[in-house]
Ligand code: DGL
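Take a look at this single chain in structure tokens; it is the form predicted alone.
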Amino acid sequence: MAHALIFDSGVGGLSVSAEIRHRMPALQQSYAADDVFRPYGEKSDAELQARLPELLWSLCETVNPDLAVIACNTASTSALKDIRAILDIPIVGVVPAVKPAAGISPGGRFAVLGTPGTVRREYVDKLIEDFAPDHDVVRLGSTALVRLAEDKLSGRRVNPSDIEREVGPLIVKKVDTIVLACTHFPLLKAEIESAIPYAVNLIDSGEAIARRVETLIEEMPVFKARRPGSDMALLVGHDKDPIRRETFKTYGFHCVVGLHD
């Protein structure tokens, strides 16, 4: 089996990694978390475009994957083109699930819930223009939810009132479907559902990304039945939180290594 690098600013990409692992359990995965530079949602396009191509090149030189998944909506919508220009392996980005949301929204009013950097980008404008021109689309940016997801996977309690405060504007708008346009947010799916006092559809891109990875790997000339090595997580910035490290292990990354930026 082949080897995939999963990259995000923190633990959010674990939601994508889990979908890939469910679909392709024999696939070797390396995970890289850019802890030192998160949250990406507060960074400008210029900052991300200056940092990410070189960082991804360095990571790929280190782990030698067959493909890489940029498991971050903000990074994908700002720097995917620059990353692809510097690497000679397939690069899979994450696209906010606007098209599927438009297809399942019963009332035609749905939300794109992501980081501020994602929801305001022209890329999302184009998705809405192409796939939801007749829908009422509410955009909401939150960096607090990113921090809450990081807290949850570090073993810290997530206060329900903090979730309620962040999603409150969507309740006021009475959206019936929410696009989780940040890979951190599926990690808070249960908390978000509990915070909304009516039934709501929550949708993300994890399953679609897993299908895309599977297709690319099956098209590769060498398709081996056994994984070439064990799964490893690389924490850029050398996060020493022991509970957080254990969390990576519960997601299948039994070797966790800290890297200095």
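Numbering starts at 1 and follows the sequence shown. Please read these numbers as outputs of a predicted model, since none were measured by experiment.
The form predicted in complex with D-glutamic acid (DGL) exists for this protein as well; it is not shown, and the discussion that follows is about that form.
- Exactly one listed residue, out of Val112, Val175, Val146, Ala79, brings a non-hydrogen atom to within 4.5 Å of D-glutamic acid (DGL) in the model of the complex: Val146.
- Comment: 112-120 is the region of 112-120, 127-135, 165-173, 152-160 lying near D-glutamic acid (DGL) in the model of the complex, near meaning a non-hydrogen atom within 4.5 Å.
- Under a 4.5 angstroms non-hydrogen atom cutoff, D-glutamic acid (DGL) in the model of the complex lacks Gly206 among its neighbouring residues.
- Within 4.5 Å of any heavy atom of D-glutamic acid (DGL) in the model of the complex lies no heavy atom of Pro53.
- Taking the partner from elsewhere, Pro39 is found to have a heavy atom lying within 4.5 Å of D-glutamic acid (DGL) in the model of the complex.
- Contact annotation for Val179: none of its heavy atoms lies within 4.5 Å of D-glutamic acid (DGL) in the model of the complex.
- Contacts of stretch 147-166 with D-glutamic acid (DGL) in the model of the complex, defined by any heavy atom lying within 4.5 Å, are made by none of its residues.
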